[in-house]
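This document opens with one chain alone, in structure tokens, the form predicted on its own.
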Amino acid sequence: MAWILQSDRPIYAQLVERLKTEIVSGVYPPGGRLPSVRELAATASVNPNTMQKAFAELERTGLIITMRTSGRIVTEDTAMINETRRELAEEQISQFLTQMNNLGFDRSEIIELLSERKGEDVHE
């Protein structure tokens, strides 16, 4: 199944974000092998060159490592993975707060709404 990508942002940036999410959530565990560029490009329905650009960015940040004979693997540096996880969470929180402010909610109203939801299943 193709990945859902939006036309309002660069595709490679969305691929980087998706792959980071899959790494921090354990889809690709520390030390785990990633599918090839061509395999992932086919899965995402994107040009392999675009996927290669996303891989290059992830390699630049250190989240993935290229092994000469065995392809690309996820770093075993769990501190780096946890930091990336936290950064992604901070981005989500920031976007949420911006959207809530745009809806006219102030901080206390946001906290009240979140408190009301506390304890509910987050996978609804």
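One-based numbering along the sequence shown. All of these numbers come straight from a predicted model, not from anything done at the bench.
Not on display, but discussed next: the form predicted in complex with the DNA.
Asker: For I110, is any heavy atom within 4.5 Å of the DNA in the predicted complex, or not?
Answerer: I110: no, not in contact with the DNA in the predicted complex.
Asker: With the partner left out of view, is T50 within 4.5 angstroms of the DNA in the predicted complex by any non-hydrogen atom?
Answerer: Because a heavy atom of T50 falls inside 4.5 Å of the DNA in the predicted complex, the answer is yes.
Asker: Verify the contact flag for R72: yes if a non-hydrogen atom of it lies within 4.5 Å of a non-hydrogen atom of the DNA in the predicted complex, no if not.
Answerer: Because a heavy atom of R72 falls inside 4.5 Å of the DNA in the predicted complex, the answer is yes.
Asker: Determine whether any heavy atom of Y12 comes within 4.5 Å of a heavy atom of the DNA in the predicted complex, and answer yes or no.
Answerer: Contact with the DNA, yes.
Asker: Only one of T66, S94, T61, N82 gets a heavy atom within 4.5 Å of the DNA in the predicted complex. Which one?
Answerer: Filtering the options by heavy-atom distance leaves T66.
Asker: Based on heavy atom distances of at most 4.5 Å to the DNA in the predicted complex, which listed stretch, 24-32, 82-90, 50-58, 95-103, is the contact stretch?
Answerer: This holds for exactly one stretch, 50-58.
Asker: Note that the DNA is not shown here; using its position in the predicted complex, name the residues of 83-108 with a heavy atom within 4.5 Å of it, in sequence order.
Answerer: Nothing in the stretch sits within 4.5 Å of the partner.
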